[in-house]
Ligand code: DGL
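Below sits a lone chain in structure tokens, taken as the form predicted on its own.
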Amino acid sequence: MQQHAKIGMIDSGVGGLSVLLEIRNRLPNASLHYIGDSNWCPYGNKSPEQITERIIALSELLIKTGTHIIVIACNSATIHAVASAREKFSIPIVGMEPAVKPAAAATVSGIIGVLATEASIAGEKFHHLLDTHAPPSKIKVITQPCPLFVELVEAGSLSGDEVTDAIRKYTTPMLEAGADTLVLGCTHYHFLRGSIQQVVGNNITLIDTGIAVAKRTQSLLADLKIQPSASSAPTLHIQTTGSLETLKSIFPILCPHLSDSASFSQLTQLTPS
């Protein structure tokens, strides 16, 4: 008998839903349990210790529900907490990191811009990523924290003057410096991709990592020999540590094709025991 695959997902808020969409596309028969830690959003300005504490607590909750694999759909959380989570838990844990490697391969000018959170670009893991895939002798990397992007997506604002102004504020210095490739180094930023492309122009390449994470998740499930069952309907459970009403209003905007099938529960007071 086939076992029904269950994938747990964690993000600082609703940004990781962009990764959920990619996973849903590749694994339509898998059950997904997503926790958006919106009460603690953003992770980008939190300490590594705080981020790790939250990821461990939320992972424990997911594992108790029978999750086979956990996806940390957050660059900041991956950089600071994935090693601790993998050491503590026996199930596979998929992380994500800013797509520096494909950006370095795609650039023609030799200059790339990384739009990310403060935590992502401050971590030692990110600097190792640059040394490995974009050494200063070959690639110039310009980093830019974008706190307004997270705020806009958490509010469901994906276009309009406020969004355009924020995009110009963060990207103009990069473009003026000659960057021809921009890395969307936070899962929230994916939802602004259309607006970002419109502002920077079609000659600028935008790269994120949602598809790569979905492929990795699919591969690990295959290694575990856990196949999504076609005999029962997959479940889609979206939870938040923030406002349930806010989630209900934002989810149809971010995931219009999934909103009719999702069930919502409010999740609060998830602190380590």
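Position 1 is the first residue in the sequence shown; the rest follow in order. Just so you know, these numbers come straight off a predicted model, no measurement behind them.
Below: the form predicted in complex with the named molecule, not depicted.
Novice: Quick one: does Cys41 come within 4.5 Å of the named molecule in the model of the complex, counting heavy atoms only?
Specialist: Contact with the named molecule, yes.
Novice: According to a 4.5 angstroms non-hydrogen atom cut-off, is Val71 in contact with the named molecule in the model of the complex?
Specialist: Output for Val71 is no: heavy atoms all beyond 4.5 Å of the named molecule.
Novice: So in the model of the complex, does any heavy atom of Ser120 sit within 4.5 Å of the named molecule?
Specialist: It does: once the named molecule is placed as it appears in the model of the complex, Ser120 has a heavy atom within 4.5 Å of it.
Novice: Does Val183 make contact with the named molecule in the model of the complex, using a 4.5 Å heavy atom cut-off?
Specialist: Val183 lies outside the contact set for the named molecule.
Novice: For the chain seen here without its partner, which of 106-114, 121-129, 166-174, 71-79 has a heavy atom within 4.5 Å of the named molecule in the model of the complex?
Specialist: Of the options given, it is 71-79.
Novice: Looking at Val141, Ala99, Ile93, Val150, which has any heavy atom no more than 4.5 Å from the named molecule in the model of the complex?
Specialist: Here the answer is residue option Val150.
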